[in-house]
Structures are given as structure tokens and as C-alpha cells.
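The form predicted on its own is given below as one chain in C-alpha cells.
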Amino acid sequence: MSLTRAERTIIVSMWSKISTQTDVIGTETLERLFSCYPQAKTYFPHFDLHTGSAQLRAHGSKVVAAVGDAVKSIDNVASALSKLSELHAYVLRVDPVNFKFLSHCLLVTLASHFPADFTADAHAAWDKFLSIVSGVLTEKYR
């Protein structure tokens, strides 16, 4: 699966707005993940998972920064996220389905923060892009 030129343009254009709010978007995405998919909490037994906690904000920023790395390397996402893929597969042993859950939560968060920008085309482009990201993050499991 690859992105069209139009989809790349949408992703990069929206990223310029998203990148100024990584802390807020990342935190809200994780809060949504833990609320909707509480089984994901099992990977964070050492975290304070209360709304707005410093640990949630810090990790949320890291998550969105990783998405940013993928955006910056939109033509070679696999290379950009290779180390992250290895970490999650071999060290953290995260169930791969959680990447799909996280992607969905990020889509909802983006839609709520950028309603004017999150058109049907933008939704489709981000969904496709995050599917690529999820695929890269799970490829080490195979």
C-alpha cells in the first residue's frame, strides 16, 4: 500500500498544524486509548494513567513525535520506525492489535482538534497513512 501524491500532501499539510500540539494530541490520544481499550493499560503498569498525568503527557508526546518521524520520512516509513518496531516487538512485546487501536484513537483525536481540516479525503489519507505506520510497527512480529 502506498500513498498518492494528494494523500502525501494532505498528511504533510496537516502535520504542520499537529506538530505544534504534540503534547495535547498525544495525551488525549492515550487517554482515549486507555478509556476505550483498557487492556492496553497492561503495558504501562508503572505509569500514572490518571487524566493529564505527567507520564501520560510525556509518553503521548513521544507517540506523536514518532508519527512525526514517519511523516518526515513519508516515502520510507519502514526506515524511520525500524528501531521503534524492534523495541515494541522484541523488548516490550506489545500485542500488535494495539497499534490499530492507537491509530483509531489518534484519528478521532485529530478529527476533534481539526474539524475544518479533517475532511473525508483527509480522514482517508490519515487512515491509510496510519495503517502503513501500524504495518511497519508490526512487521517484526512475523
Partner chain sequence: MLSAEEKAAVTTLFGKVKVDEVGGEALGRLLVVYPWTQRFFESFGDLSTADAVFGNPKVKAHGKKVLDSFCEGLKQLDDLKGAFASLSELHCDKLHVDPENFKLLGNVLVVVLARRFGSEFTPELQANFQKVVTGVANALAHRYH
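Numbering follows the first chain given and starts at 1. Since this is a predicted model, take the numbers as computed values, not measurements.
What comes next is about the form predicted in complex with its partner chain, which does not appear here.
Stretch 25-33 is the contacting one of 80-88, 25-33, 62-70, 39-47, since its residues have non-hydrogen atoms within 4.5 Å of its partner chain in the model of the complex. Its partner chain is not shown here, but in the model of the complex it comes within 4.5 Å of a heavy atom of residue 105. Proximity of residue 115 to its partner chain in the model of the complex falls within the 4.5 Å heavy atom cutoff. Its partner chain is not shown here, but in the model of the complex it comes within 4.5 Å of a heavy atom of residue 123. Shown alone here, residue 111 lies within 4.5 Å of its partner chain in the model of the complex, counting heavy atoms only. Heavy atoms closer than or equal to 4.5 Å to its partner chain in the model of the complex belong, across 62-87, to no residue whatsoever.
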